[in-house]
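Just the one chain here, laid out as structure tokens, in the form predicted alone.
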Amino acid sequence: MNTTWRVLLPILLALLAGAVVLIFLGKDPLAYYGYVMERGIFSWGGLQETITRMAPLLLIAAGLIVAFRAGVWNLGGDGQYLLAAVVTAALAPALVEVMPRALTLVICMVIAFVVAAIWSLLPAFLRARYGINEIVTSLMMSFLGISLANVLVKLFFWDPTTTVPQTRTLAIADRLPRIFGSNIHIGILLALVVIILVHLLMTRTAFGLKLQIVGASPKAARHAGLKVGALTVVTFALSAGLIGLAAAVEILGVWGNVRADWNPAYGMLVVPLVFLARLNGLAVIGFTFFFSSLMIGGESAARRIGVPQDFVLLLMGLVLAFLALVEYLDHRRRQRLGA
């Protein structure tokens, strides 16, 4: 089975299975998918929302590609994202009062990167020093990060002028500039540059080669003289930092504040996209556009035909399940051919 079919088949099977679920619920699948396309791609407003939604997803994908290529399972993205988002939302309105907007935006992005990177250091250290599985520790740190983010909003950064717990709101005029008068902010350009740079870093540089050697075989990497522990920590920090940058772009470009209990849960949502793209930074751009249009169009389609908005999450879960099935069947086929 060639690579194209291994990528497209899980998507097609997921859409088909989703259609069966819609029929079972008494809904018209053609109407649902039609509304998704209409709102997500074929209307100017929807297309702007789709492209805007891509910005944080691409930056998260960049962070996950760095980690996964190095054999590191950074699954603490949601905690890293929310902590960086809260710190960004708290700092930006205060900083913009005493310094130029451009400098404020840059400082907030840098601080968001650093905050998320620092939050990843404990699972990184435990993996590097003691070999403790980072899947467990990063998920635990994610839970703690989400909880801490809510505590910060409710106890320390609550805007006293509001009745609901949220940070101060960054004025629209002080947020990331828009492109050619549209609703698309320049964060998408930053995200595209970053994902391309990450692709080049991992495929065209000695540093990227070292990370891939560590990911393929830590024992071989040690025999080659590589400092596996240090590379593991750097990988974690870079991966988490890019996820923190995604949070800063989302807050500075779209929301302007963070409310308590807000959690878009982008970290886990991007994982299927990264694997569909085979950890390829360029390929993930197309899959991110597909998923963003599905999210934006799915919200409108859900309201129109009366299905839960979380139906999009079901579709992504089906994609991941069918991706695993296709990979398994292809692996069995290769084994038979080899035998």
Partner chain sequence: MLTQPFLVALLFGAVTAGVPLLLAGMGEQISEKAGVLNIGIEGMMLLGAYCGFVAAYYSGSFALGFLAGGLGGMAVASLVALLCVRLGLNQIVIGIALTLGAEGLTALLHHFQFSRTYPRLDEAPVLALPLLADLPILGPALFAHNPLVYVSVALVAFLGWAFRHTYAGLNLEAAGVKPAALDAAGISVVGTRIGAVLATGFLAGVGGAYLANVGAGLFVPFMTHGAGFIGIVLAMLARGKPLWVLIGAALFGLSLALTTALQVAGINIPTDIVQMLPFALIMLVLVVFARHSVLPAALGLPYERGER
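Numbering follows the first chain given and starts at 1. As the structure is a prediction and not an experimental result, all values here were calculated from the model.
The same protein also exists as the form predicted together with its partner chain; that form is not shown, yet it is the one meant from here on.
For the three residues Pro160, Gln166 and Leu192, a heavy atom within 4.5 Å of its partner chain turns up in the model of the complex in no case.
Looking at Pro272, you'd find a heavy atom of it within 4.5 angstroms of its partner chain in the model of the complex.
Contact check for Trp255: no non-hydrogen atom falls within 4.5 Å of its partner chain in the model of the complex.
Within 4.5 Å of any heavy atom of its partner chain in the model of the complex lies no heavy atom of Ala31. Contact between Phe287 and its partner chain in the model of the complex is not found at the 4.5 Å heavy atom cutoff.
Considering its partner chain in the model of the complex, the lone stretch of 244 to 252, 88 to 96, 72 to 80, 181 to 189 in range is 72 to 80 [heavy atom distance within 4.5 Å]. For the options Ile196, Met268, Ala171, Ile118, the residue carrying a heavy atom within 4.5 angstroms of its partner chain in the model of the complex is Met268. The partner is not shown here, but in the model of the complex the stretch 130 to 151 reaches within 4.5 angstroms of its partner chain through a heavy atom at Tyr130, Gly131, Ile132, Asn133, Ile135, Val136, Thr137, Leu139, Met140, Met141, Phe143, Leu144, Ser147, Leu148, Asn150, Val151. Relative to the displayed conformation, the Cα-Cα distance from Phe287 to Tyr328 shrinks by 3 Å or more in the model of the complex.
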